[in-house]
Structure formats: C-alpha cells, structure tokens
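What follows is a single chain, given as structure tokens, in the form predicted on its own.
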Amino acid sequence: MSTHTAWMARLGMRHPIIQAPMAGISTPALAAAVSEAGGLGSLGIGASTTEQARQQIAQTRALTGRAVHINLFCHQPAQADAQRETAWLQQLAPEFARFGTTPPAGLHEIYASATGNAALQAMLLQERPAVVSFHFGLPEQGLIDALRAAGIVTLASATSLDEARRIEQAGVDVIVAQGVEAGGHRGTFDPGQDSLMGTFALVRVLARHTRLPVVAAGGIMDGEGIAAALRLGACAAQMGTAFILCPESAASPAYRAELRSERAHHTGITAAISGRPARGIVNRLHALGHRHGLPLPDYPRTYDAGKALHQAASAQGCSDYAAHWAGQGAPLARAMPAAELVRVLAAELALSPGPAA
C-alpha cells in the first residue's frame, strides 16, 4: 500500500471511487449506497442549515456504518451591493414578467459559509464524520487542526497549483484536483482568478509538484476515465455527473430528462445562476448573464434571484432557468442504482490498463 492510498484503506474503501458531494442532489440514500458498495459516498451541506446537516448525517448513519464524506462551502461572506443587485434584478424583470410576476425587492445571503460558522463547526466536531472536505477555499486554520485532531480525514478542492500549495501548507490530507470539465461550482479560492486547467493536466501538475495524494475530479464518467486518472498520478476519482441519474439522487424529472437528451452535449460555465462560476447544461440564464455584461451580485445573493426566477417558471412547467449542473462528460451518464454503478465502474477499471484498483 502506498502512502497516497493509505487514507482510503483507513476509510475502508475497496474502490478508488468518490461520489461527488453535490449539494441539493446528493442524499443520505445515495451516499450510503456508494459507501456500502466500496466507494466513498458524500453529502454536500453547503445549502443546508446546521440542523439540516445534522439530520442528513444521522439519516446516512442509519443506512450505513461505513465512512461518509461531508463537504463544506468556505466562501467569503457576500457583500451587499445595491447598485449591482438592482442592475441584475432589472435585467431579470422581463423574464419574471413572462410568468406574470416581478423580481424580489432585494436579495439575501441564502447560504452561510462554513468559515466562521461556530454552530456548524461545533456540530461537525460533535458528529465526527469520517471525512470533511472544503470547497471555494479553506476555512480558518483552527477548524482544520481540530478536525484532524479528531481523527477526521480532510480534503480540499484545488483548481491550480497555487491553491494546491496553500492546501498543503494548511495541513489538509488530500487534494481534490477539480478540472474545468467538472460540473457544478468551480472550487476556485478567488472566482476572479481561474486558470481553467483541464482535469488531467491539473492532476499531472499536482502529482509532480505536491506531496499530497491527489483525487481527480472533472469529466470522469467510467472505469476507463478512472484508469487514465490513476495512470497520471491520481489515487482516486471523484465523480458527480455520473451519479445524477441514479434513482437515489434528488435530481428532478426535468433534470433527468435533460441529462438523457441532446442538451447534455451542451454544458457551459456561468456565474449568472449563483454568483460564482459553475458548469451546467446551458440554459436561458447563461445567455442573460452574457448579455448583462456587468458585475453580478456576490454569491449566493445572485442565487437568491435565480432561485426565485426558477420557482416562478417551474410553477408553470418551465425549467429554462434551472441549475442543472453537469460536467462535460454528461452524455455518458448512465441510469442505474448507485451500488450497481459502483460495481460497473470497478469492473471497467479492472479491465483497463493501468495501476490496479
């Protein structure tokens, strides 16, 4: 066993497969099924209150005694900006009017950051999940130290070598190399400075220039993709879009239909949905954001507007504004139970040339 895979053995993982912690899509049933099948199941709690997160952890533990991974959003708190917010709401006003309503009077910070969140941090140290990871940057050093002292494995997303070095210096255990192909929110520490590196180039750079284990994330949909990542120096692959069509996910019927359609071939990155760059199936908000051409409100205040517009549209059967996050491998998504998908991925990996699983 190499030092780069020891952490996976410690967690009881039989396969180098991590189900990405997709906030709003991952569920206790999905996470438990993946962990029971020998991968690492995950819960994204960035859109949850502390009590909601505690309940999700409890529900997952009722389904599995195996290790499960909890992901935190560590963004800087949003700064209210009346000028930017008013301009964006004015841009969206005709879209609301399509559904006989008006934009909200103002925007709110609907999701709290884990950074500086004493209640959330205390809950995690009480519950002691096996794995905690960080997205959008790092929390305060005291939390990282406390988690590791409690025996919790820590991971953090990096989109560049600079971010990876900061993760290494902070004492985090594992780097998740998030390539530009990945669905969902970019994990950049500063959304205004994104190197847009592809998954495999990023994995190779981080494997060469850091000492930490590297998990590949972005565009990996099958065993052949996992094998390629392992050959380039990754110790495992984190896969999100691959699990969206599993019956255990919380994806809506409209979301599932889009992933099965021609639209899955068209993904793009936009900040117009949430306020931070994120890749999803291209929708009307992508075009509106491009047309706007002005600075958007901070994350997650922009998300407050996007969710209000989606709610108004979906009430009338329209999903043109939905956050259907998906990576560039979306056309390869397969619909099957999560445990079966893990078994299929492991079998494909075993048949692929490269390091043994």
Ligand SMILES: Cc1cc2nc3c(=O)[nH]c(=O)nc-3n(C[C@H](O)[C@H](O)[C@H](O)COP(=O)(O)O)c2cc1C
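One-based numbering along the sequence shown. These numbers come from a predicted model, not from an experiment.
Here the subject shifts to the form predicted in complex with the ligand, a form of this protein not shown in this document.
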| property | result |
| --- | --- |
| Stretch from 28-36, 325-333, 59-67, 308-316 whose residues place a heavy atom within 4.5 Å of the ligand in the model of the complex | 325-333 |
| The ligand contact at residue 20 in the model of the complex, heavy atom, 4.5 Å | yes |
| Partner proximity in the model of the complex: residue 297 to the ligand, non-hydrogen atom cutoff 4.5 Å | no |
| 4.5 angstroms heavy atom contact with the ligand in the model of the complex for residue 75 | no |
| Touches the ligand in the model of the complex: residue 238 (any heavy atom, 4.5 Å) | yes |
| Contacting member of 132, 202, 234, 220, with respect to the ligand in the model of the complex [4.5 Å, heavy atom] | 220 |
| Residues within stretch 32-50 having a non-hydrogen atom within 4.5 Å of the ligand in the model of the complex | 44 |
